[in-house]
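Have a look below at one chain only, the form predicted alone, in structure tokens format.
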């Protein structure tokens, strides 16, 4: 087999290695190779930014791999390292003031960690954080796993690395799991965690460069995975689903577990033009905010009408329930209540869950359940915040593999991979090319449900030849 390596052009450290046979047989490996070929990265060994990695093949690659340096943890250039000493603890009058008063102080707890308190003190004095932006570091086996936060005050601290640990579905931790993560953090990092971050993962803060690889190994030995940075699938977020919610329509936690079994490589190895977020919501209430914050949102839905238990509804009204208010507030005016029985118009009802939320005692979701795939949501980007747009209103969700759902998600990711510009989010790409073009790339039939504003501004679908052009 012919070896192919991608290495740092400065120190020769091997970032990734493949074989030509792997690239020919596995499309994901080929895309990963193409991504690394163009990637601007930081070498984890020397932490020098490289515009392009060095590519070697065959015998030359084998020799370079054998001679490649081991992970050393050297920081930046020798000139910058020479004579460097981190600042010792000094007086922190501004932080000390935050410890005064009757309330518990976060400063007191922070001083128990290995955090550079002088960075905080200087930030308070100058009224501006002394931490800057950094970049991504590719470790062997975790090409998208590590982030570097640069220091604006190298006289105090060189910088800080942090990594994202993928959280269990639903955010359910055992006490043993949390103790293990805390022990690893105390040993290798500041002793501080972001739990949970906005992405639904755990971030381990302040890992010295020389401890990056041991930290990954320690987490892996205890069954934890890391990743969710760079231009890859980010950590996916899910709601509690059927474990706690009585109106959940799909097993969002089970779907997320199946997702990771299928796509863990794409979480840890970047291959997309930009990051791609996926979230799972068990019903249209969307407690995971999937339709606001994820490029691909998988939302539990039902196709038949809500089920109404007449006896229970009469009992609920008799106890003071206001059915007239629910009918009046129905978004599509799909309900008729004559004081004794409730009718729902199948053509008008959009299965929004409003009536179910207001009277779950008597009105329940239908039984024909599946998943709606919503695409293009985000909070930041070129065109600002964008809500997701319905791609497919209903796909069967069959556990344990959910193949029907993931096959469409695969086509979405492939269209994004092929047509998006560099550093362009999925929502920005759809905004730029239009929903017509995107549905054609994905191979999905256009639907009236693909609309910008319900009932007022639907997308029009036509082809040029239909207009006589």
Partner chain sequence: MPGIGIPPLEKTIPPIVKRNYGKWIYHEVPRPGVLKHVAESGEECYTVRAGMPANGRVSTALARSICAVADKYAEGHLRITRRQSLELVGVPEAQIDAAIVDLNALGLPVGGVDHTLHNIVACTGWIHCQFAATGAAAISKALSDDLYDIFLKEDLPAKLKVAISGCVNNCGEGITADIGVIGIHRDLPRVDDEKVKKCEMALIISVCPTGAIRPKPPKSVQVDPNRCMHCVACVGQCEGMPIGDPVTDGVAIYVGGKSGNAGSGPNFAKLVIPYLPNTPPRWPETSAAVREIIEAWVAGAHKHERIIDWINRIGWEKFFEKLNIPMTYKQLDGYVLWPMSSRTGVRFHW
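Predicted model, so just to flag it, every value in this text is computed and none were measured. Numbering follows the first chain given and starts at 1. Think of the rigid core as the biggest set of C-alphas that the two forms share within 1.5 Å after superposition.
Heads up, the form predicted in complex with the partner chain isn't pictured, but that's what we're talking about next.
Asks: Which one of 325, 336, 367, 346 is close to the partner chain in the predicted bound form, taking close to mean a heavy atom within 4.5 Å?
Replies: Contact with the partner chain in the predicted bound form is made by 325 alone.
Asks: Given that the partner chain is left out here, which of 310, 318, 101, 399 has a heavy atom within 4.5 Å of it in the predicted bound form?
Replies: Partner contact (heavy atom, 4.5 Å) among the options: 101.
Asks: With the partner left out here, check for me: in the predicted bound form, does some heavy atom of residue 244 sit within 4.5 Å of the partner chain?
Replies: Yes, residue 244 lies within 4.5 Å of the partner chain in the predicted bound form.
Asks: Though only this chain appears here, would residue 306 touch the partner chain in the predicted bound form if you measure heavy atom gaps against 4.5 Å?
Replies: No.
Asks: Under a 4.5 Å heavy atom criterion, is residue 188 part of the interface with the partner chain in the predicted bound form?
Replies: Looking in the predicted bound form, residue contacts with the partner chain do not include residue 188, since no heavy atom lies within 4.5 Å.
Asks: Taking heavy atoms only, is residue 314 within 4.5 angstroms of the partner chain in the predicted bound form?
Replies: No, residue 314 is distant from the partner.
Asks: Heavy atoms within 4.5 Å of the partner chain in the predicted bound form: which of the stretches 418-426, 436-444, 29-37, 53-61 has them?
Replies: Careful reading of the contacts points to 418-426.
Asks: Between 240-259 and the partner chain in the predicted bound form, list the residues on our side with a heavy atom within 4.5 Å.
Replies: Contacts from 240-259: 240, 242, 243, 244, 245, 246, 251, 253, 254, 256, 257.
Asks: Quick check on residue 264: with the core superposed, does its CA move 2 angstroms or more between the shown form and the other one?
Replies: After core superposition, the displacement of the residue 264 C-alpha between the shown form and the other one stays below 2 Å, so no.
Asks: Superpose on the rigid core, then tell me if the C-alpha of residue 244 is displaced by 2 angstroms or more between the shown form and the other one.
Replies: After core superposition, the displacement of the residue 244 C-alpha between the shown form and the other one stays below 2 Å, so no.
Asks: How about residue 152 - superposed on the rigid core, does its CA move between the shown form and the other one by 2 Å or more?
Replies: No, the C-alpha moves less than 2 Å.
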